[in-house]
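Each of two forms of one protein chain follows alone as structure tokens, named structure 1 and structure 2.
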Structure 1
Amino acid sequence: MKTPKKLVAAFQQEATFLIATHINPDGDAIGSSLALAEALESIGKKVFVYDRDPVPKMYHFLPGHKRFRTDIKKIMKADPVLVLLDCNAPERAALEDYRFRKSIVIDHHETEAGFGDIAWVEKHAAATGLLVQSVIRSLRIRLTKGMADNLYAAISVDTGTFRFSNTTAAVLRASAALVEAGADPNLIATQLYETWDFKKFRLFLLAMSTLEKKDGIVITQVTREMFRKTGTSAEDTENFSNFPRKIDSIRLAAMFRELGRGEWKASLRAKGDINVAQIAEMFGGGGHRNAAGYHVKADIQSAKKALVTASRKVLSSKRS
């Protein structure tokens, strides 16, 4: 993987950057942002890190997580260059109402918006963390333990800790370099997957109790009433959509999370060569081949029916 020269030049020449990532940030978005921020600051740059939403509790172990800001107005006074990470459209980061003198995009999603004065979108890259690691290497910046931990976590999240089909020899070599730089695989895996509190576990049980299975598709749902009953929130549903994939007969798993009355967020996960980004695009969403999502306004039964109809088209095309 080779970092574009114009991207490297921009990081070398500009002085002030705003690193921003998508709303409801995940581990790849957070880890990539924090690692790039530390790297740029190490060569004398002024860096702000922004997300509309707070960092979820499960990622509070990541070095530097407190530096994320949720208010952008003061940042804009510094006239920064925008660096959009792990998404490639400003509306995905709630930045559509702001204008920047220059914008940079570093992303790996299947759906591409065409935004950015300089855009590096590698659709086949397993994680944005891998692209950031390449940027840091191209800038000849020595990896610190903090950068390594953040990047290792980023890659871990988007590869399912090296279980998903996007885990390649190149991914493992890049991850090994991060371990050599100080990343702690055991600590990161434990924090990501083995530190649920009891409230989250209760929510998980309620969500799994809604499971419906048909024709290789499994659907679960999480309602606002479940959040109220367990004292949890949306961030506690991280990884829930991955669990039904464990069923051997399942090719596609979907979780609907209630956002408001008649409004849902669908998270799609698939096995093998099923491209759920294609399904998400049918509903105005997007994502990766094996992990994607979209928003829908409908009653839950209609939303499920529409998903099953759309999914069958993709699943049947893979059987033929």
Structure 2
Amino acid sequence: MKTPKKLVAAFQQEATFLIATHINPDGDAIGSSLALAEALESIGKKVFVYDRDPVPKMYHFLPGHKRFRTDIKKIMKADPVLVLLDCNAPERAALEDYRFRKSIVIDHHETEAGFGDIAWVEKHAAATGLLVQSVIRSLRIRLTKGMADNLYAAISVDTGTFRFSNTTAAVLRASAALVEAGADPNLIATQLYETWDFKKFRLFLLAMSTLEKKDGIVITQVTREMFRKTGTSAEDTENFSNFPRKIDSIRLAAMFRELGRGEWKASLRAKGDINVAQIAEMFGGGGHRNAAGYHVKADIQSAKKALVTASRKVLSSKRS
């Protein structure tokens, strides 16, 4: 993986940059943006960092997270070069209504929009953080602890801290260089995975105790009563639907969360090569192959039954 020369030249020649990333930013988007911003500033550039949405609380440990701005109109007055990170189309960053005199794209997503005067899209890169690390190296900028922590977090999120199949030797070596520059793997993992409050833990146990299993499908449910009992809310269920994937024999994990009387949000998680978006679409929802969801108005027993019936079709077609 080598940084394109044109990209390096653009960073050297231009003076003012707007680093922007996708809406609902995740760890790779945020960490990559903050690391690149710090690096460019260290060589005298003026840098703005933009996202339409706020940085989620779980990423508030990232150095510099407060510099994310939302006042795009004001930023535009500085006539910056756009640097689009972790996405490759301006609408993914809610920037489709703005024009830039020059635009740079650094991304690793499958679908490529063809946008950007200089576009570096590495589909097989595990994280945009790895591309940014390469850019920083090409610009001969010394990694600070701040850049290293941000990039390590970026890579951690997109590789499940080196558990997903995108974990290559190069990913591990790049991460080693970040640790040498001061990144703290334990601190980052703790922040990413170990900051549940006790209320959330209690909710988790209540939710998991509802687990039912049938034909490779597991279903859990979270009711409004559980939220009340534990003093929690919907955002506390983040990641719950993944947990039952631990069970060896399952292929699909579903969680029903109660929105109102007889109204549920279903979250589907695949294990292995199942397309759960296909199932969600049968109920008017959607999503990705691995994670999808839909809304349903029904009593919980009927909702579960309908899901099992629909899932069976998809699961059995996969088996053949």
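Residue numbering: structure 1 sequence, from 1. Not measured: the values here are computed from a predicted model. We call the rigid core whatever largest set of C-alpha positions still superposes within 1.5 Å between the two forms.
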**Q.** Label of the structure corresponding to the form predicted in complex with another copy of the chain
**A.** 2
Q | Same-part call for residue 184 and residue 67, two rigid parts between the two structures | A | yes
Q) Can you give the rotation, in whole degrees, of the smaller rigid part against the larger between the two structures? A) 27
Q: Enter the rigid core superposed C-alpha shift of residue 249 between the two structures, rounded to one decimal in Å.
A: 3.9
Q) residue 304: how far does its C-alpha move between the two structures, core aligned, in angstrom? A) 11.8
